[in-house]
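As structure tokens, one chain now follows by itself in the form predicted alone.
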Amino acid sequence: MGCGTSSSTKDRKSEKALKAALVIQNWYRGYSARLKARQRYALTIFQSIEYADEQGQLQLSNFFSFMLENYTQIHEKDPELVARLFGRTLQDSKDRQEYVSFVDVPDSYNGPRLQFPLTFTDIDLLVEAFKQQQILHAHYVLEVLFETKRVLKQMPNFTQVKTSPTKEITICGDLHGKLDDLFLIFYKNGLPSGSNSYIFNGDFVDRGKHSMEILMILFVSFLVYPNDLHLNRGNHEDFMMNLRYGFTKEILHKYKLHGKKILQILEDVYTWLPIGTIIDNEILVIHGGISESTDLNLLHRIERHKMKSVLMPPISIDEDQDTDLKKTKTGANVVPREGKTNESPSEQLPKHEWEQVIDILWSDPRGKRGCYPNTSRGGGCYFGPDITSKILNKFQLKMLIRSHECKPEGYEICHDGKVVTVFSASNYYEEGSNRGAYIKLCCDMTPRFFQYQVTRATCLRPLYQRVNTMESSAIRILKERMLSRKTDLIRAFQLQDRSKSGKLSMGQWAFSMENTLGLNLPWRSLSPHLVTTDKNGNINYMSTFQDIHIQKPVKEAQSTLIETLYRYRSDLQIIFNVIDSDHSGLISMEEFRAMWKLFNSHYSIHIEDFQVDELAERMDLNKDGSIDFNEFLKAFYVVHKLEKLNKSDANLL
């Protein structure tokens, strides 16, 4: 009897323990699911705003066309600007020696010294030097760029690659200036060599702080192993994209004396990068995607070097203007590019060819059938599984490997396994936001995926800490986007608030946010981070802006003007940097007024010219008739009041 009681007690204890374990398990599953949901929301915010910025960038192409059509004085004052916007070269590229020989390497320079012709030793030397945060001297940078251009010019638009059972190839996606990711790939997978082939699928630069180092490692590796390291052009291998997303600024900061020369050559190098790779006649590797009209036969034949920038669509010009463009400011005739005398006057791609290139650099796959405009990015298209099957079958291919989109796990497979996305920049938006990945392939084998995540810590932070950091950063940039449209948002709120109560229902508020900002976000779920609600669940819509404001550079400036300049600051900065061809950083008051009037007219901005004039004059601190336009735009920054309070509280603890 005693034994039976003991057994019964043990059973009850086991049952309780099992129930407790199930309760804990269910709680943890719910907790993890909530964290994952918050992580997804944060990633959605980052991606939506990233694509909205790209959309604004692409819309600038219309402005440049408008500027050339309406700013007639520009043709007389700065033919170099016209030539740049038309994708032309007013003078033959300077001789390599003329560029490089005047850039001496002093004896005091203690960075890496490259020996031409380059060998594997130079790759190893460069990698180790960059690990020590050394900077490659401008002399070697220019040498590498000229040599890379020389070799690239001999290559076809699509590189043909063969694998074998004993020779794999590694495919890497976007790196975006994240040097630690490249180091980690090489640590796990080995440096490029004759027996270790790589394809780097575009977007080597921008956003990250080490784009130049990545570019130099890739270009030097390409020069040493031109048959084993393959480079595809991405949508960020574009000098106009670099103006917005950081690479231009990085070059001018690291190479203050010779940055302009580097930018001039780099602009040309981009145009000679191949636009794709075909592996074993079966797998197409391109940066973005395809459309229903993608014609690989046509893309094989185009003159790819004429595609200078996505922001420079083909523009028709009259014969008189075309003749003027062939003269320098002194009236001398210009030697055509590369010394050819039989070249056509136009250095532009025909419009249908330009659109073909845009599609393969900018398009994204989606689950919905068909081909429709890529409304998020503003360029390329969305293509469904039926389009993938159609294009692959048409050109007797089996798979499309592309990059261009950040994926939480570093890669994604869609369209019944026919489309693979690979993205190699881990922590792209924020630490912990995503893994990076690369693919290994050999003939007739299934792709193998390798994931990683760079971290400075010896062990990864707990998930809740990573999610909190991501969420805070995402909400911060979302609030800044909201503030840039404050006037429009208030107008939309007030249209919904017919009783003038200062409150809206959750549905009304979410509708106004999505319609005004054009961001397809889970507004109801995000509302606790953005607004306050009353006990009935109604939103006090002015609380949207209660803890954030734009710092005025001049107290007298009107709030509407400040908001408008803040909203368009990135666009204005790009336009200025294109006009500022000598990279002096200065713009005259006359140029500023002319640029603003055109911008104001094209974007239908309701700001009086005299208000901008007054602000610009106040920003001309030394009264010399010119302003540092980049500094002018930096003066408009957002103050997050709540963050200041939180930091103050933290300091007291």
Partner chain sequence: MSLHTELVVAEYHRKIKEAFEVFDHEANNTVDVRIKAGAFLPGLSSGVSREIGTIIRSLGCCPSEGELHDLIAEVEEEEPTGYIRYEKFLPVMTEVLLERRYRPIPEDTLLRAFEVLDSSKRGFLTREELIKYMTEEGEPFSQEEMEEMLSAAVDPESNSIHYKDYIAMMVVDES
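Positions refer to the first chain, counted from 1. If you're wondering where the values come from, they're calculated on a predicted model, not measured in any experiment.
The next section is about a form of this same protein that is not shown, the form predicted in complex with its partner chain.
Its partner chain in the predicted bound form comes within 4.5 Å of no heavy atom belonging to residue 625. Residue contact check for residue 187: none of its heavy atoms lie within 4.5 Å of its partner chain in the predicted bound form.
Using a 4.5 Å cutoff between non-hydrogen atoms, residue 258 does not count as a contact of its partner chain in the predicted bound form. Proximity of residue 447 to its partner chain in the predicted bound form: non-hydrogen atoms within 4.5 Å are present.
Checked against its partner chain in the predicted bound form, the candidates 129, 483, 531, 414 yield a single residue with a heavy atom inside 4.5 Å, and that residue is 414. 367 is the sole member of 367, 156, 518, 370 with a non-hydrogen atom lying within 4.5 angstroms of its partner chain in the predicted bound form. Just one listed stretch, out of 140-148, 114-122, 396-404, 483-491, contacts its partner chain in the predicted bound form at the 4.5 Å heavy atom level, and that stretch is 396-404. Applying a 4.5 Å heavy atom cutoff to its partner chain in the predicted bound form picks out 27, 28, 29, 30, 31, 32, 33, 34, 35, 36, 37, 38, 40, 41, 44 from 27-49, in order along the sequence.
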